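One chain comes next, on its own, written as structure tokens: the form predicted on its own.
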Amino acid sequence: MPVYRANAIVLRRTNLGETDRILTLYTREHGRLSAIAKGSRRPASRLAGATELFNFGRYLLATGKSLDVVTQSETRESFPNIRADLNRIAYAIYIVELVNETIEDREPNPDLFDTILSCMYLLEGGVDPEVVTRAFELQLMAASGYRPRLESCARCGTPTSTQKVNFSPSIGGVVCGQCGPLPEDTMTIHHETLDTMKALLNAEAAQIRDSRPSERTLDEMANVMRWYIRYRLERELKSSEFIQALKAGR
């Protein structure tokens, strides 16, 4: 069987039989793909660590008929600080689930891979997971062809300048009240929230790390992106519901 190497992040894993696992990997070179890690559930397996969720490593894979086969792996980062904190685990799981539900198989996007990995390192380094996740959501939507219109009205192009602005998930961005009735799903946000969304949409890792939005801004962004993504996916992600439950518990 032909073999190839790939830098990959584990998006999902499923037990198969008594000793194997099927992995969903997002690779920098080949996009999303599925592969079987034979024997990885055995206690002494060298592949055990490589099958952990959001593990980042260098994988050697053999091309198979229906599933590729993981033959070797070298873990480069297992993100122990994320795994030690329930809150960070929840956000990391949400990020990889969102990726898995948004992208198609075998469509490589090196920039998106770098963005995912960068966000994982930010979570590992103790950066506020709310800020990291909001930045990731915005950048993932843009990379997937669903960049929200934030600079001006998505219907008429009028620049946003008022203290409070309207955002409609179904329209795909901010909307003004001058070009027709507001959609039923319109929500009002402060201009500070809109400015923060604009900044995070194009932010590099250092800018995300140094961002300090107010609690009100974070809450408004979370609400906007929750409904924006839900409209595109046509359903709520399980990990998103779990994060909401964690917030309610706190």
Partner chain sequence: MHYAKPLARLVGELEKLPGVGPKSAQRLAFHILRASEEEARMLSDSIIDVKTSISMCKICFNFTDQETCDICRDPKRDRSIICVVAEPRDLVAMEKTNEYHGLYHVLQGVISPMEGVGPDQLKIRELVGRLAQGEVREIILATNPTIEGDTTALYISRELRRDLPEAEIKISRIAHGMPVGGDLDYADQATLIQAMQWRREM
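Numbering follows the first chain given and starts at 1. What you see is a predicted model, and the numbers here were worked out from it, not measured in a lab.
Note that the form predicted together with its partner chain isn't included here; everything after this is about it.
Stretch-level contact check against its partner chain in the predicted bound form with heavy atoms at 4.5 Å: of 183 to 191, 207 to 215, 61 to 69, 36 to 44, the positive one is 36 to 44. Annotation: in the predicted bound form, residues 126, 140 and 230 none come within 4.5 Å of its partner chain through any heavy atom. Interface membership of residue 85, defined by any non-hydrogen atom within 4.5 Å of its partner chain in the predicted bound form, is confirmed. Using a 4.5 Å cutoff between non-hydrogen atoms, residue 78 counts as a contact of its partner chain in the predicted bound form.
Residue contact check for residue 219: none of its heavy atoms lie within 4.5 Å of its partner chain in the predicted bound form. At the 4.5 Å threshold, heavy atoms of residue 226 stay clear of its partner chain in the predicted bound form, well away from it.
Contact residues in stretch 34 to 57 (any heavy atom within 4.5 Å of its partner chain, taken in the predicted bound form) are 43, 44, 46, 49, 52, 53, 54.
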